[in-house]
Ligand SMILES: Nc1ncnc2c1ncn2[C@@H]1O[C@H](COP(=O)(O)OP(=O)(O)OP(=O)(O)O)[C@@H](O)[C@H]1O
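Have a look below at one chain only, the form predicted alone, in structure tokens format.
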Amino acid sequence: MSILEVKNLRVSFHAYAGRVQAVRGVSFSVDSGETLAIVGESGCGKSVTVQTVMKLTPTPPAFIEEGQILYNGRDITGCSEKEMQQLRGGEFSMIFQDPMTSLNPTMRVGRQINESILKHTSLSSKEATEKTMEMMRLVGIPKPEMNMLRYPHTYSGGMRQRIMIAMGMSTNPKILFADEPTTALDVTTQSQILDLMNSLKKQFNMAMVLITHNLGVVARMADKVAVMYAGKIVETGTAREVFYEPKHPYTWGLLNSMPDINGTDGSRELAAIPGTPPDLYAPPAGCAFAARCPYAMGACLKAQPEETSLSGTHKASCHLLDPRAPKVPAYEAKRHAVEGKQQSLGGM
């Protein structure tokens, strides 16, 4: 049984102009020790989905219209705030996108980690302090007995992110949610943070849900990938299936927009997906990607595609997968381009 299973989750926001359908029937699962990456453009609903699982979306204006969130088989959709406080920190933990706005600027970092440990474990104050220093050492912060007394603004961006990871890992959560954990970091620091997260995940046998739009990070971290567009998951599969055998035109567009560092003359321009995502105040009747898809047919504008199972782990929602749909000649070319990019990322 999966440690976390989300079924047909629909989340909307009441706004001045109407109802924003931010998440529209999302389903996914993740097992212990497994990393699921949710990828897609900004505004597609990735963060709202994860924050809803954690019950961190403000209610109102947000509300769950439909769906189930199962943690170890228990539906936590209707849990009270008090019940969720027991799950957050103890069972779930989250690394937010910007550590500078997530850390309390008026508190020393050691005290912030310490508070989380005291709240969600049975350790004494002395044991919690020792645990705080142990976690700081584990994430690569030297001399924790001194550095735990510093304030967040005295740390660099990479060190603040390490503090966030130490805080998230300090209670040994069963599931770690990471929302763009390396967005504001330089490439070298990104690599160090990703290696650290992978190491800690294996050490504690955690499940991880990673939110990102960086496919290089996905190739390096993920076991499974869910591609999200306009509040829906349009393709899911193992990392190998999504990178090597993508079936949805939106996935092709994302993969084709990655720089090809194997190019010899550097003359190839980066491909962009034309157009903009649809207005989720009034989502289209058909496929949400149809207006931007070069392969769109009449059926794409009229009806939403059914999900097609391509293997036991690979699924996609696209009318091109219907046996009656015309063949798309561009697919093989895209596949070979992806293989080169995968090699540049260190393989799968």
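Each residue number is its position in the shown sequence, starting from 1. On a predicted model such as this, the values are computed, not experimentally measured, just so you know.
We do not show the form predicted together with this ligand, though everything after this point is about it.
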- Task: Answer with one of Cys44, Ala37, Ala288, Cys318: the residue that has a non-hydrogen atom within 4.5 Å of this ligand in the predicted complex.
- Result: Cys44
- Message: Quick one: Phe28, Ala226 and Ile233 and this ligand in the predicted complex, is every residue within 4.5 Å by at least one heavy atom?
- Response: no
- Interface stretch in the predicted complex with this ligand - options 28 to 36, 46 to 54, 65 to 73, 306 to 314, non-hydrogen atom within 4.5 Å: 46 to 54
- Query: Though only this chain appears here, would His213 touch this ligand in the predicted complex if you measure heavy atom gaps against 4.5 Å?
  - Reply: yes
- Task: Tell me, yes or no, whether Ala296 is in contact with this ligand in the predicted complex, where a contact means a heavy atom of each within 4.5 Å.
- Result: no
- Note on the structure: In sequence order, the residues of 3 to 38 that place a heavy atom within 4.5 Å of this ligand in the predicted complex are Phe13, Val20, Ala22
